[in-house]
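As a starting point, one isolated chain is supplied in structure tokens, in the form predicted on its own.
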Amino acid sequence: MPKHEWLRERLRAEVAELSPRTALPTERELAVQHGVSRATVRQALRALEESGAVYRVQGAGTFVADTTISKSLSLTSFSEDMDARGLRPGSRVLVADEVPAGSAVAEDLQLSPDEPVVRLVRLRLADNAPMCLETVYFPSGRVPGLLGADLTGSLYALLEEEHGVRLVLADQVVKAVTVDGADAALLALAPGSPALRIHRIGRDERGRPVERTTSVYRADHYDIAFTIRRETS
């Protein structure tokens, strides 16, 4: 293995143990520590920067980057997203009850306003760190007994395994917002911090809406990546 590749992997392992925004030793110090040239250090750091593991500030040095979860446009659950990136998903259930749908939820789920819906509010965690504040509504008739289940894991898996409900399609809107008050505190953010709010209506194989979810993600740890294609005439 070339020295710069060996050093890159060595430094990657070291960076993984450090907190975001921690300063790394200087190029000279790294060269002495690892017995390599400064050119080798620069090559290894450049590769780490390109992969998003570190970032450089001109005149200040190299720092550990924040972990960012990049979401594709596939319909996947939060748990599936975290598992795919080697992070441990978790949840803290804040609200779990049954309430009348009300006008907004009823419209999205094609119900009457007085029909009951299951409401879940959960703080979603990645390796025990707050990532997302999630509010979900399901038509009560589609998920009998859901409130008695373990609601800390993947709801998509629970719906399919216990209720025979499989979500295959979703309409989704993403909006840039700021968070304040209790939401900011739950997400461990300063008031006024940026966030991404994702509103989703999930549908089953027959196109019926069975899930209404509003998720507020930390913008410093989460983004959405997709490929677009220019149509040819």
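Don't overthink the numbering: it's just position in the shown sequence, from 1. We call the rigid core the largest set of C-alpha positions that still match within 1.5 Å between the two forms. Bear in mind the structure is a predicted one, so any value in this text is a computation, not a measurement.
Form predicted in complex with the DNA: not shown, discussed below.
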(message) Counting any heavy atom within 4.5 Å as contact, can you tell me which stretch out of 42 to 50, 169 to 177, 182 to 190, 197 to 205 lines the DNA in the model of the complex?
(response) 42 to 50
(request) Report yes if any heavy atom of Thr26 sits within 4.5 Å of a heavy atom of the DNA in the model of the complex; otherwise report no. (result) yes
(message) Although the partner isn't part of this model, could you tell me whether Val64 comes within 4.5 Å of the DNA in the model of the complex, counting any heavy atom of the residue?
(response) no
(message) When the contact criterion is heavy atoms within 4.5 Å, does Gly164 count as touching the DNA in the model of the complex?
(response) no
(message) Can you tell me if Val36 lies within 4.5 angstroms of the DNA in the model of the complex, counting non-hydrogen atoms only?
(response) yes
(request) Could you list the residues in 1 to 24 that come within 4.5 Å of the DNA in the model of the complex, counting only heavy atoms and keeping sequence order? (result) Pro2, Lys3, His4
(message) Superposing on the rigid core, I want to see if Leu24 changes position between the shown form and the other one - specifically a Cα shift of 2 Å or more.
(response) yes
(request) Using a rigid core alignment, state whether the CA of Gly207 is displaced by 2 Å or more between the shown form and the other one. (result) no
(request) Using a superposition on the rigid core, decide whether the Cα position of Ala60 changes by 2 angstroms or more between the shown form and the other one. (result) yes
